[in-house]
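What follows is a pair of forms of the same protein chain, given separately as structure tokens and numbered structure 1 and structure 2.
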Structure 1
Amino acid sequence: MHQFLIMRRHWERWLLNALLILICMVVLLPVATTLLISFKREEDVVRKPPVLFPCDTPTRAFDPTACRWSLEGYERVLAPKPTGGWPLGFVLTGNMFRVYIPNTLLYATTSSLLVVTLAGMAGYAFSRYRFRGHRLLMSSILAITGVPLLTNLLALYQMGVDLRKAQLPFYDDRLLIIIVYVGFYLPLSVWVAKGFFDAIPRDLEEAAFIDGCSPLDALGRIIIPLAAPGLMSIFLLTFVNVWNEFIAGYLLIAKNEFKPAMFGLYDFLSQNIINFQVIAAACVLIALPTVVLFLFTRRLFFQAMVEGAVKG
């Protein structure tokens, strides 16, 4: 009987691993297909019947020495032009790399830092202090998270039009879109930050007070380092959401030189509706920064998720 249970657990483990591998393969299939298309030539993309790898010959279905990989899509997106100068000898003139991605990087980084700062302060206050209206205010913040951004776009668009007409000396659409992103992603982040601060024992702060720390010293030296994984998860979630957002950036920003990367992809779709390798290359370039960011911060992110699940 004991041996039967061991064998059963062994097969259950194998079946679970096989199921997880299958799910990962299904999820990664569109990503892998897009990556492969981005390195194909146009004639290999539109072939009928299609081929997964452009490595066929008239006599063989697959020949690794005959693969026809190409950077045509990336060249169309980046549009490098030789300059003869130092250090690279060329400059990238494509709007995607020159305009749209830097704009999105500005919006995502600024919005994420503001959300982390404001959510951290608000979450700490809600976690450590009790005041009149505490529950009502927290419930109101939670209710705001249920309001989709799309329902507010008409009012936000009209506000943007009025602000442009006012011709304020410090205003441009980049400021408006950052404020919109911060306002939309802040309420849920306050709740997330509060959950992480609730998981930190108050005894640590009290011990710091006994050792002579002020409330600000205890916050900066003890609480913030312990809550760093949670704050990093808020930063990453906000960054990715802003990076992938399209409709607000499309409607609320009037000038094309201020548009985000998703608008750049939409622009490429209209110009290259049949050039799938160009669209695939643009998709890869847009996704690359967030992938790199998660690769470098994945340990903090998963640590935050695990701690939030266990302690929350």
Structure 2
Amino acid sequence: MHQFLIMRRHWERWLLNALLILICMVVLLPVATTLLISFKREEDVVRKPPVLFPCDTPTRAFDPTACRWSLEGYERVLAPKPTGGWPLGFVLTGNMFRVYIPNTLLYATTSSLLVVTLAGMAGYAFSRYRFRGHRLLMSSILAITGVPLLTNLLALYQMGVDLRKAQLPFYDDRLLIIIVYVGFYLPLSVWVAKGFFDAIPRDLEEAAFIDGCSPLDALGRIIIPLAAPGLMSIFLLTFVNVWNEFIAGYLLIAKNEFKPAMFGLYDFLSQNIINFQVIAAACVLIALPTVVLFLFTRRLFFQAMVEGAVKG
């Protein structure tokens, strides 16, 4: 009987693994298809019936030595031009890499840094102090956490129009979009940060105070280093969210030279609708940084997500 139960559990485990592998394959099929298309030649992309791998020969259905992989799609996106000079011997002239991706990189980095700083400060205050309005402020921030960007877009767009009209010397749309992103991803981050600070024992600070540290010293020397992984996870989550955001970047920025990569992709789509390998290559290039970042730091990601999800 006992032997039988162990056999059954073994069998069950094997089946479960097989099922989960199958599920992973089905879930990742769309991604894999795009990845494969991006490396195909035009004539292999427009085939009837479609083929998954461009590896068939007139005689054999699949011959790994005869695969016709190509970088045509990537070349069209990046548009490298040989210069013969330093540092690589060519420059990328495609707008995607010259304009849009640097913009996105700027927005994502700046807004995540600001979010981490502000959320760290506010989260610490909420975690360590009780003051008048504590509950009210916390509940308000929690309520705002859920508010989506969409319904505020009209007003933000009008604010952008007014600001442009005012012709302030220091203002351009990049400032607006960064503040919008900060304001939009801050509330959740405050909560996540508070959760991380709550997990740090207060005795550590008490000890520091007794040794004569000021609250600000204690924050800088003891709390921040201990909270660093948590703050890092807030940074990563915000970075990926801003990188992936489309509609605000598309609508709130007037000048094309300031628009982010997601707009670049949308724009690209309207120009290259029939060249699937080019579209696929653009998708892969823009999605790759976030996917790689996620794969290398997934533990931190899940930490922030679970912390945030528990709070709603």
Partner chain sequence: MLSMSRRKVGGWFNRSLPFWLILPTILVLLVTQVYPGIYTIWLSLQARQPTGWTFVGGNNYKRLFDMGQFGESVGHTVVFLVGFVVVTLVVGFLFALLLNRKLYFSGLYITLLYIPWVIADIIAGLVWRLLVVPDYGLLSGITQNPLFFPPNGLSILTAVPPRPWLGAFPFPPAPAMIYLIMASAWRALPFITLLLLAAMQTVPSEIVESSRIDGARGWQVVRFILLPLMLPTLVVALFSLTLSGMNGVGMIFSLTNGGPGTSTEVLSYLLYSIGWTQREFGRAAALAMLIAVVNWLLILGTLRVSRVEERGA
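The shown structure was predicted, so the numbers you read here are calculated from the model rather than taken from an experiment. The term rigid core refers to the most C-alpha atoms you can superpose between the two forms while keeping them within 1.5 Å. Structure 1's sequence is the ruler for residue numbers, which start at 1.
For the form predicted on its own, the corresponding chain is the one labelled structure 1. Relative to the superposed rigid core, the position of the CA of residue 210 differs between the two structures by 2 Å or more.
Core fit done between the two structures; CA of residue 292 shifted by 3.3 Å.
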